[in-house]
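One chain comes next, on its own, written as structure tokens: the form predicted on its own.
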Amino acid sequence: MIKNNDKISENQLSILLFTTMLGAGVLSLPADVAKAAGPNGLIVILLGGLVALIFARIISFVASKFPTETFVEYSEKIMTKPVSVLLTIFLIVYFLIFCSLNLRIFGEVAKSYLLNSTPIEVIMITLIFTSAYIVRYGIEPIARMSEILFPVMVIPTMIILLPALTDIDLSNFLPVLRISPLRLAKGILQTTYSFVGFEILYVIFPYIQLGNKLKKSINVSFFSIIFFYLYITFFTIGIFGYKETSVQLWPLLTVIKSINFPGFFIENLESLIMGIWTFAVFTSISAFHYAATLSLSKLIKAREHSYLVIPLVPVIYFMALIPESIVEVYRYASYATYLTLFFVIILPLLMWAIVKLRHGGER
């Protein structure tokens, strides 16, 4: 039985989806799209975001047919129990992979820009245990935390970039659409990692107070994150050009470092952005951690998901330590993108087709 204080509103869902998608990938996004599509990076983000929105709506359509059940229960009804168990195990691993990737990237960036003398293990342990604390109390505190941190993350980032407006060279976005359809499609595919996070819709549906604004809430979260990604990529490629952007590891931080904010009392603007970005990674990790824990608890029929939060902490921690360097981290992230294709595109389409065939005549 789900308690009332474990429910989130549709407006909270909108913000939760935004903060979950806005994770570690935002720092490398301009470089990723510059490599994939050159000067057409903004177009790739727009199209990639719209494609992701379509599949988020498909997942929500399937889940809405079983509003009181999580993926573990309704996938059994759609695709038989053995297939459901297998898919749930892969889904848990999938959530843990993205949780650990976010954790490791956070550790690497924090050590490089803020905590040079602190062992990366200490940085990661601190973050994952802080995440575990809030995950134990369920989705409602995570959503409330996202509501509080949302304006703190978005508004200062957008304001800080404004003084660099005069440094933007619009010719860096030319030529427009002089790119092969295959390369454009590949670029859209590669931006998928930046929109990873909406898959929590698979498991959180029973915890949403459903009204008549669900579609609108999902649309708002996606158009907001698309606009935010377009905004920071516009500044990054507009200032550096796509060639220079594509060879940088975290081009957004380089842009921030180059900004001269007239009369500003904070010298190290990148430290301020790092603080803001820490909130983004924290909310993203918490959502993935919660989704993995909830799915596992439903799979083994545990009484409370909170019993499994701490046991998953060392799993996430050691998974985060597997890559030997930051280069390997991003290589593993590119491998994970292929796993994303299954859970974001193939599985929703398969489940949608089965549900439509079985419930085609129902309204």
Partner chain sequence: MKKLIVTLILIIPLILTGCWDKVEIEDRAFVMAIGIDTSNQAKNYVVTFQFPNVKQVSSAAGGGGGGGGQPNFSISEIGDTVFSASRHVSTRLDKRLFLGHTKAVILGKDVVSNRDKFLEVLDTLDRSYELSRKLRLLVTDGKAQDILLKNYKFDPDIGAYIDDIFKQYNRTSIFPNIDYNKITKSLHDTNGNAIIPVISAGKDELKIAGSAIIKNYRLAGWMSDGENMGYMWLMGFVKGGDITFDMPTTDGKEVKVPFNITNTVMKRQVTEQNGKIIYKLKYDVEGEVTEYSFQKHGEMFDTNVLSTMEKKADGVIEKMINESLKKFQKDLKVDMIGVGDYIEKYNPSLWSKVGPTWNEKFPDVVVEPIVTAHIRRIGLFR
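What you are looking at is a predicted structure, and each value in this text was computed from that prediction instead of being measured. Positions refer to the first chain, counted from 1.
Although not depicted, the form predicted together with its partner chain is the subject of the following passage.
Peer 1: Whether 113, 240 and 247 jointly form a contact site for its partner chain in the predicted complex is the question; each needs a heavy atom within 4.5 Å.
Peer 2: The answer is yes: all three residues contact the partner (heavy atom, 4.5 Å cut-off).
Peer 1: Check whether residue 180 has any heavy atom within 4.5 Å of a heavy atom of its partner chain in the predicted complex, and answer yes or no.
Peer 2: Although its partner chain is absent here, residue 180 would stay clear of it in the predicted complex, with no heavy atoms inside 4.5 Å.
Peer 1: Just checking whether residue 172 would be counted as a contact of its partner chain in the predicted complex - the rule being heavy atoms within 4.5 angstroms.
Peer 2: Contact check for residue 172: yes, within 4.5 Å of its partner chain in the predicted complex.
Peer 1: Classify residue 81 as contacting or not contacting its partner chain in the predicted complex by the rule of any non-hydrogen atom within 4.5 angstroms, answering yes or no.
Peer 2: No.
Peer 1: Would you classify residue 119 as touching its partner chain in the predicted complex, given a 4.5 Å non-hydrogen atom cut-off?
Peer 2: Yes, residue 119 is a contact residue.
Peer 1: Ok, 278, 190, 219, 254: which has a heavy atom sitting within 4.5 Å of its partner chain in the predicted complex?
Peer 2: Residue within 4.5 Å of the partner: 254.
Peer 1: Here the chain is shown alone; which of 209, 130, 258, 271 has a heavy atom within 4.5 Å of its partner chain in the predicted complex?
Peer 2: Of the listed residues, the single hit is 258.
Peer 1: With its partner chain left out here, work out from 137 to 145, 282 to 290, 226 to 234, 164 to 172 which stretch has heavy atoms within 4.5 Å of it in the predicted complex.
Peer 2: Contact criterion met by 164 to 172 only.
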